[in-house]
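Here we start with a single chain on its own, the form predicted on its own, put down as structure tokens.
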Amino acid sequence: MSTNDSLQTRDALAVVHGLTNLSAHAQRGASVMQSGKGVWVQDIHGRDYIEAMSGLWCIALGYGNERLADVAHRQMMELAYYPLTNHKSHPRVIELAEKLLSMAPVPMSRIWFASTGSEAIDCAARLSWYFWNALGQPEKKKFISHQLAYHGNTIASASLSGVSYAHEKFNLPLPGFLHVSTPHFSRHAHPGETEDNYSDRLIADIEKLIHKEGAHTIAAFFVEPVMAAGGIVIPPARYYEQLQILLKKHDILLVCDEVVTAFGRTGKMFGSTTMQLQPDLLVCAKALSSAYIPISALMICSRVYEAIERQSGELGLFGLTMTYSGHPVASAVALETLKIYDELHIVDHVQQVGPSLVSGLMNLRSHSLVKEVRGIGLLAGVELAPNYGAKCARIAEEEGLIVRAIGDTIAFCPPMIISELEVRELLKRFTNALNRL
């Protein structure tokens, strides 16, 4: 057995893989990646691929960024770790919090740090409860989110997620986690229904749910500006406009999950800006460090933070903590990542190359297997005829292109540094895969 074959066998015997059929994996093994540079990765057999999914929607600056590696090394040597408990802090986390507050799409007061998007979403749920308890409304405990939403995989964030694979046999979702229709116009609109009529119908259904459950029992509504793992679903503009009016009317917090969409992905620095959302709480992760090290951030508006601060004073302690919250190395890498975005004018770059990706995919709508193309910025999905998604993703990998099949939608989320030339190569390889299919 060669060294490379041995690695694949050892992986199948030692590693548990998420979003994977574990029984099939025991027979098939993994595609083992050895190295990466820019938008390209290379496997242990020396074969090159365009990483058109940024790993898991996250390696925004691509592979092999020496500046991020260097800043991590320097921070490890200067101060490898320090907690934020008991009135302690360190320079990097202060600088990062200040930077994020200066960038926030709406005025925010404080930043809570965690290590992953799932953790930050979980903390947003807990802080929502803490907030309403501080206001003397402890009955406001329920959460609303969308069917097909993906908010993470802790117990609370998986309950917020609206996908069956996060629930089945895990005894989830927990009670009090409610799900409403996915705002996907082309798939769910009634015959002859306009986008405005469709949005109004969905909002009316949500208001009925609020009345049924009682607005006094609902703590927050969690949304993704664009539903990435749901299949690149871009809600109609009127939908979010009307939803926010409804939430304000019933005094329900709005939490924006920007784990995928923050830092330029949609052609604005935040997806909230793109979709004209004004959240009370906002979660970001992934591109915050370009995935070079785990870190996430939860932005908290002044109304929520002031109540939390007051409640903590009454209790004598704020009981939410995590060992790696605001980790110095992660904070330093995130700061450097944000500096690089500024220097690269990353939003301008996405506005330049994003249309090339989306229009190139739109040109494939005449293909017999293509049902619909959806996209914004450098985030796109090609919906295929039923039962072709997984096959297409496998053939694309054979063509040297890594994409993700979400049901029968092929998702694209390339590193934001991708060039026009690389976009053309991506489109060429995907077209080859479609034609082979």
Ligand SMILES: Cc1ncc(COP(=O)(O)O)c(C=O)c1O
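Note that the coordinates shown come from a computational prediction; the quantities given were computed from them, not determined experimentally. All residue numbers are counted from 1 along the displayed sequence.
The same protein also exists as the form predicted in complex with the named molecule; that form is not shown, yet it is the one meant from here on.
With the named molecule left out of view, choose which of 152, 354, 328, 264 has a non-hydrogen atom within 4.5 angstroms of it in the model of the complex.
Going through each option in turn, the one that passes is 152.
If the cut-off is 4.5 angstroms on heavy atoms, which of these, 280, 336, 122, 224, is the one near the named molecule in the model of the complex?
Comparing distances to the named molecule in the model of the complex, the residue within 4.5 Å is 224.
Does residue 271 reach the named molecule in the model of the complex, with heavy atoms at most 4.5 Å apart?
No, residue 271 sits far enough from the named molecule in the model of the complex that none of its heavy atoms falls within 4.5 Å.
At the 4.5 Å heavy atom threshold, is residue 242 in contact with the named molecule in the model of the complex?
Looking in the model of the complex, residue contacts with the named molecule do not include residue 242, since no heavy atom lies within 4.5 Å.
Quick check on residue 287: any heavy atom within 4.5 Å of the named molecule in the model of the complex?
Close contact is absent here: in the model of the complex, residue 287 is far from the named molecule, nothing within 4.5 Å, heavy atoms only.
With a cut-off of 4.5 Å between heavy atoms, is residue 118 one of the residues that contacts the named molecule in the model of the complex?
Yes, residue 118 lies within 4.5 Å of the named molecule in the model of the complex.
Tell me, please, which stretch of 354-362, 304-312, 89-97, 109-117 lies within 4.5 angstroms of the named molecule in the model of the complex when heavy atoms are compared?
Stretch with heavy atoms near the partner: 109-117.
Pull the contact list for 38-58: residues with a heavy atom within 4.5 Å of the named molecule in the model of the complex, in sequence order.
Residue within 4.5 Å: 57, and no other.
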